[in-house]
Each structure stands twice: as C-alpha cells, then as structure tokens.
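Heads up, what comes next is one protein chain in two forms, each shown on its own as structure tokens, labelled structure 1 and structure 2.
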Structure 1
C-alpha cells in the first residue's frame, strides 16, 4: 500500500524535515504516526496524499511510483485516499451534511443512499442536531468531526488522518478511534498521526515514530478492548473503493 525508499524532504533552502525515511505498510494495516509537534508528521502525510514531492528518494502508493504518474493518474489515485486535515478544509457555504455527502455524490451514489449513510454517520459522531449547520457556526471540535465523517464516508482504500482527535474530548476521541478501527476491519489501510501518546495507548496498534526527521518502527503493546457501542456499519461500508 505504502512504500517509502530513502525519502528526504526539505522546503527550499531550509533544513531537512525528513531524512532518508524508509518503510513498507501492507494493505489493510493500521499504524500510528507518532512524534512531537514539529517532528515532520504533517510533511510525511503530504507526501502520501500527493500534495508534496520528496527532495530525494521514492514514494510508491498502491504499487506505483508516484513520480511516474500522469496528471490524470494522480487525480484518480487521490480518489482512493481519504484525508483528515488539521485545518479541516470544509467548504464554508455548504452545510455539515452537504460537506460529508460530497465524496458519495462524486462517486455517483444514489441520493437515497447518500441521505441515509450521511445521516447515520453524522448522528453517530454526535452531530445529529447540527447536520444543516454551516461550518463557520460550528465549534472546532464539531468541524473536526465533520471533516472525519467526510474522509471516511466513502470507505477509502487509504485513510491519512492528521491529529484527528486534537479538538475533541476523551469520550468523542475514543468513539472516533473505534470508527477508525471498524473502517480498518473493512479493509481500509490507516495511518493516524498524533502527538498524543495516551491516545495511542488506548487502542494499541503498530507505531511509526519520527525523531529528528528519521522514522522508527515500534510494535503494538497489547490487543485493544472491544467497543462499548456498535459502529454504524452502513456508513462505513459506503461508496466505491
């Protein structure tokens, strides 16, 4: 799913952010990307959702060298990747419901399925009463949940999440982790970036840790506990892969 070979990254004439990073993530895996603020987690994710090119080395996704992709192939590949951005990137003039519905409508899902799946998922993340609200009227935590719902609604092949629980309380954070785990169980490969060690310990998965621009692999500690409430299976099973 993801292969990085001797990947380095610097912005302009600045210092190296990533230094000869290498890793190989199998399809269907779930990894945390850990590191202190400023360690390069967001920069690594930018390489993986094709927003940045490496200074050196090779990035391969879905078995293809991204440097060799045509513009059309890059666009098609992006459709297979769900991204949760730190700054949310919601469309301000569209309601929470319409923001989450976008990936399904682009994929050509029938409208009755769009309405049922989006409603179910937004209800499950605690936004049942805010479906018609515009993003500027929502709190940071609410906007974050809308952004997560939009990223997962189409069941992408690869989900990249950049600090996806940074603006929510512990109860919602745990609920979102179970959502990610259920999505992973349906086959989605997940790379979740966080600086929150306690969060990663709550639901252990293998870890990738960035330290001074270099990547180290760490195993999971113990198996995760089962969730206290069911995950909305229809919402996480929507869309084409």
Structure 2
C-alpha cells in the first residue's frame, strides 16, 4: 500500500527533515506515526498525500511509483486517499455540510447521493445540528470532526490523519479512535500521526517512530512509553530496516 525507499526530504536550503527513510505498510494495516513535535510527521504525510515531492528516493502507493504517474492518474490516486489535516483546512465560507461534501463533488457524485451520504455521516459524528454552520462558528473539537468526516466521506483506501485527536477531550478522542478502527476493519489502511504516546497506548497498533529524520518500526506490543513521561531519548524495540 505504502512503500518508501531511501526517501529524503529537505525544504529548500533548510535542514534535512527526512534522511533516507524506508518502510512498507501492508494494505489494511493501521499504524501510528509517532515523533516529537517538529520530527517531521506532517512532512512525511505530505509526501504520502502527494502534496510534496521527496528531494530524493522513491514513494510508491497502491503499488505504483508516484513520480511516474501522469498528472491525471495522480489526481485520481489522491481521491483514494483521505486526509485529516493537523490544521483542519476547512473552507471558512462553506458550511460544515459543503465542506464534507467536497470530495464527493470532486469525484462527480450525483447530488442526491451527496445529500444523503453527507447528512448520514455528519449525524454519525454528532454534528447533525451543526450541518449548516460555518466552520469558524464551531468549536475546535467540532471542526476536527468535520475534518474527519470530510476525510472519510469518499471511503478512501488510505486514510492519513495528522493529530486527529489534538483538539478533543479524552472521551471523544477514544470514540474517534474506535471510528478509525472500524474504518480499518472495513479495509481502510490507516496511518495516524500523533505525538501523544498515551493515546497510542490506549489502542495498541504497530508504530512508526520518527527520530532525527530516521524512521523506526515498533511492533504493537512494545511497552508504551510512560504516558506522562517526556519523550524517550531512545526508541525501544527498534525494528527499522
């Protein structure tokens, strides 16, 4: 599903964010992407949702080298990827409903299907009443749920979520984790970036950890770092290639 080979990333003349990173995620898998703030989690996801080209190395998605796709195929591939952005990126002048409807509109779904699917999903994430509200009038947690609904409305094969529980209380965070697990059970491959070790511990899944530009794989049963402890200086059970 996702294969990175010797991938490096550097923004302009800035420091090297990713250094010859490699990994392989199977279809249907669910990984956490952990790492301290500034470790490069969002940058790695950007490579995966094709918003950024790597400075070096090869990114393959759905078994295809993305650098060799035509522009049209890249657009079609993006439609199979749902993204929850760290900063939500909701369109401020469009209602919650219209924001969630975007991926369906882009895919050219007929209007009646858009209506029913969007209403259903928004009710499901508890935003039935807020459907016509503009994002700036919603709370942070409500905006986050709109962003998540938008990421999953198109039934993506791959879901990339960047701190999707950053703005909600523990109870809703747990609910969202269960939502992601449900999606994963129906076949969606998930990569969830967070710096919240405690959250990752609540529902164990295999982890990828970014440290100093390198990516290390840790199996799901790795003992979690102490929830309240500072970020470990040394990653345990390194399974990096």
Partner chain sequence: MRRFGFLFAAGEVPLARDASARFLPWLIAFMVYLAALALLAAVAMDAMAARWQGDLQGRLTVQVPAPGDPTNAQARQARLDRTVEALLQTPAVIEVEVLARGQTASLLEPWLGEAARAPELPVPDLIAVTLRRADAGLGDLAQRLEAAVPGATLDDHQRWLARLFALAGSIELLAFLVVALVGAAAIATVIFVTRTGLAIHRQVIELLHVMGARDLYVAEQFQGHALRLGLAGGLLGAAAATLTVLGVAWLLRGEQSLLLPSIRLGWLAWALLIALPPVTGLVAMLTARWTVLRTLARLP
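Numbering follows the first chain given and starts at 1. Here the structure is a predicted model, which means the values were calculated and not measured. For the two forms, the rigid core is made up of the largest set of C-alpha atoms that agree within 1.5 Å on superposition.
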| Structure 1 or 2: which one is the form predicted together with the partner chain? | 2
| Is residue 134 in the same rigid part as residue 61 between structure 1 and structure 2? | no
| message | Relative to the larger rigid part, the smaller one rotates by how many degrees between structure 1 and structure 2? | response | 14
| task | Provide the displacement, in Å, of the CA of residue 105 between structure 1 and structure 2, taking the core as the superposition reference. | result | 4.5
